[in-house]
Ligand SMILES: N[C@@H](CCC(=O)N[C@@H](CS)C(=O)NCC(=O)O)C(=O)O
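First comes one chain, alone, set out as structure tokens in the form predicted alone.
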């Protein structure tokens, strides 16, 4: 059985859990990271020298980096479904995995850490304001990506949606002012209709 190391409130672990649930693949999850420790042990570093989560192990094969894990699982177990068979269609959706890592993660993360995981007396309001503005601009790009299509890869959920969808929930869950982006809102509502998304992603921030 596939093993997954990671805590359920990690946004990167959520991607993998969501993918596993959509695929219907059995797995064993092991709490790791932050209050659970594990990641700084020699045993864990032997499979993930970054000392971060998630990491998976399947039949002696280990893999870290959440987007790569999602690509691997979907290519192996959902080719033609979550992973498009057509190369151009696959590239069309996978570009959003790189986009969210390069554009959304760096600006939304400081907002999340300040407002959710930092006590009020230690928050940096300037960083929150600047990065909230930058985050909202990235969501305008996502709104553009959803023109004339319900999902980022076209008519159905694919790997790009899994990488981006976790951040969309975080954006709507953060206590910030947001622009009204109808396509992003409709996209979020479509994701919320999926039981796997509700189970592993649309949770209170912690």
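Just so it is clear, the structure is predicted and the values come from calculations on it, not from any experiment. Positions refer to the first chain, counted from 1.
Quick note: we don't show the form predicted together with this ligand, though the next part is all about it.
Note on contacts: among 168, 56, 70, 53, the single residue with a heavy atom within 4.5 Å of this ligand in the model of the complex is 53. Heavy atoms within 4.5 Å of this ligand in the model of the complex map, among the stretches 6 to 14, 19 to 27, 180 to 188, 194 to 202, onto 6 to 14 alone. Contact annotation for residue 39: at least one heavy atom lies within 4.5 Å of this ligand in the model of the complex. Under a 4.5 angstroms non-hydrogen atom cutoff, this ligand in the model of the complex lacks residue 46 among its neighbouring residues. Heavy atoms of residue 33 reach within 4.5 Å of this ligand in the model of the complex, making it an interface residue.
Although the partner is absent here, residue 65 is a contact residue: one of its heavy atoms lies within 4.5 angstroms of this ligand in the model of the complex.
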